[in-house]
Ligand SMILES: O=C(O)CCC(=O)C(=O)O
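Given as structure tokens, the chain that follows is alone and in the form predicted alone.
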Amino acid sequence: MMANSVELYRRDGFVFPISVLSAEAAAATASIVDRLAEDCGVQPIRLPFPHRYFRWAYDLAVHPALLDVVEQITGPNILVWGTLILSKPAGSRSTVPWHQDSAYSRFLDGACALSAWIALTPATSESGCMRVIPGAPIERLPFSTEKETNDMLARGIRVTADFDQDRAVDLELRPGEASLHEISVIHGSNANRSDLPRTGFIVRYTTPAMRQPENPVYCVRGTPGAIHCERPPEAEAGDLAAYKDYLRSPASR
């Protein structure tokens, strides 16, 4: 990531594409996701916090190719506070309404924070790739807590304020590529009109300037400051039984 890319991120609130995985590695990870969703009985695929239970998910969240770019934005001390897998099957009507990540992360308390979106399958305009409204960081906008039909988000956070949707940029990515966006950026995605699934792995990054949240936090580069951090999962195979229990709990919603 060159200096001008950092400048573009500061100006527009996002940057892409960032090469993270080979096409082969992305396909292998997409297969793991499909098996995990089948084992957990999850359709459409929405799998929160897999990095807490599976080493492969943790390793993807802390991939050096991502952290090297994130560090240029956040500084040397990087924490991960969340991950999420979202997948739209071919022809799926599922959408993600226009929203801001800052609507559900108030514990960040103004800390520098951004999200990575890693494509495990082709993310195109036809398949319903992420779309963003360019712009420097903005305040948290009014939003509706009511979920719409086919909304993939766990809670209603659809932005209700007026903004120019004609300015939207489609973040098209090849398998293994990623985008980064600042948490106040308005973003969403349309339905999948293609004949392939659209699967993305999302990672939430911030710094020790955050407030201690309820969910586990992991220090993935540098030092955590006053934030209590957990150890990454050790078992290569992960803990499927524990993850199934988590998905059945209110905490996963």
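Predicted model only: the values in this text are computed from it and were never measured. Throughout, we count residues from 1 along the sequence that is shown.
Heads up, the form predicted together with the ligand isn't pictured, but that's what we're talking about next.
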Quick one: is M130 in contact with the ligand in the predicted bound form, heavy atoms, 4.5 Å cut-off?
-> yes
Evaluate V96 for contact with the ligand in the predicted bound form, applying a 4.5 angstroms cut-off between non-hydrogen atoms, and reply yes or no.
-> yes
Partner proximity in the predicted bound form: R198 to the ligand, non-hydrogen atom cutoff 4.5 Å = yes
Spell out, yes or no, whether the shortest heavy atom distance between R221 and the ligand in the predicted bound form is within 4.5 Å.
-> no
Here the chain is shown alone; which of E172, E177, D151, D101 has a heavy atom within 4.5 Å of the ligand in the predicted bound form?
-> D101
One residue of A30, I202, V69, L47 in contact with the ligand, assessed in the predicted bound form (non-hydrogen atom, 4.5 angstroms) | I202
Counting only non-hydrogen atoms, which stretch in 36-44, 181-189, 60-68, 224-232 is within 4.5 Å of the ligand in the predicted bound form?
-> 181-189
Residues within stretch 57-92 having a non-hydrogen atom within 4.5 Å of the ligand in the predicted bound form = L86, K88
